[in-house]
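Shown next as structure tokens: one chain only, the form predicted alone.
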Amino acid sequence: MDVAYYPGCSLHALAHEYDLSTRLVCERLGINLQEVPDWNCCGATAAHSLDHSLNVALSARNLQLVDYIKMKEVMTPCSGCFSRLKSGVTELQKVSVREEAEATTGNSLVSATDVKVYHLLQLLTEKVDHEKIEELLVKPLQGLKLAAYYGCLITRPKAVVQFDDPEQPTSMDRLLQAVGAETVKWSHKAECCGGGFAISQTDIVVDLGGQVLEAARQAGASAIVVACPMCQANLDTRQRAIEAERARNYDMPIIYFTQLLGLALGYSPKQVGMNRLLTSPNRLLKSMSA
């Protein structure tokens, strides 16, 4: 399977381990990723908040580049990028919006409206048979109790993203179960972690992130599994502050779902970037070895 790949800014910087593990998992599953040439930032979240027209134009240019390399499907692992690109396709259906974006980019964008945008989780759910994943298993994740955390962007708004249930999603749960893990039932799988407030209002992030960590702990999870760089960064980098605020030690690894898939498919912890996580996953890895 050939698919255009839009990594976005986070996966080339703070979330480099997400990019590494994404590429390895896709290679093992026979998905040929072709990175979109000369891609630009999708505009999440600053442009989206400040200038709607510019935000659409940023997404439109990326979608046009997908069409330029003669591909009609593009995948991104980043929830923010997925939201912006998906919304861009929807907005470009409006003639007046498309004409404004064309004036900004200097190019016709009619063909960009036909590009299908997938989140990586959606691609693996809808395009890859889970039986194939099970056949390729090298190290099943038996014994792990995991909280699948979707955040607020992968499944919302429902009319735009058209993927999974916006309140009770199950796609990541089923994928993790396919590689042998147990996923817990918990209350915060689709709640917001604070996202764009990470810098401007960290008290909000500490509060919301604390609610997520506490819900996962009460459900008996040994780790939270994410599919969004912002969620990972908030829950991992703010965990010490959350622990201080709540006077509780969580020691909860925040792991990308691709990292766990990579381990199950036979890659080493270092290959999938486990060493880059701030909250150590060593306890989890030792339990896997046992």
Partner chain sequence: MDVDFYRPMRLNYQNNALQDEIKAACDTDVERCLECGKCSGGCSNAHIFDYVPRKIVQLVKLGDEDRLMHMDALWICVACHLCVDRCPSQINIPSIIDYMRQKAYRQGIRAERTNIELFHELMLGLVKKNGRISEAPLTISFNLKSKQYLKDAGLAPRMFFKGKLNPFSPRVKDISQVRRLFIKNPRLKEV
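Positions refer to the first chain, counted from 1. What you see is a predicted model; the values in this text were computed from it and never measured.
Omitted here: the form predicted together with the partner chain. The next part is about that form.
The partner is not drawn, yet in the predicted bound form one stretch among 261 to 269, 244 to 252, 54 to 62, 24 to 32 has residues with heavy atoms inside 4.5 Å of the partner chain: 54 to 62. Comment: the partner chain is not present in this chain, but in the predicted bound form one of 132, 174, 185, 158 has a heavy atom within 4.5 Å of it, namely 158. In summary, among the residues 208, 215, 89, 178, the only one with a non-hydrogen atom within 4.5 Å of the partner chain in the predicted bound form is 208. Contact check for residue 41: a heavy atom falls within 4.5 Å of the partner chain in the predicted bound form. Contact check for residue 194: a heavy atom falls within 4.5 Å of the partner chain in the predicted bound form. Proximity of residue 169 to the partner chain in the predicted bound form: non-hydrogen atoms within 4.5 Å are absent; the residue sits far from the partner. In the predicted bound form, the partner chain sits beyond 4.5 Å of every heavy atom of residue 123. Relative to the partner chain in the predicted bound form, residues 71, 111 and 140 are all farther than 4.5 Å at every heavy atom. With contact defined as any non-hydrogen atom lying within 4.5 angstroms of the partner chain in the predicted bound form, the contacting residues in 1 to 30 are 9, 10, 12, 13, 14, 17, given in sequence order.
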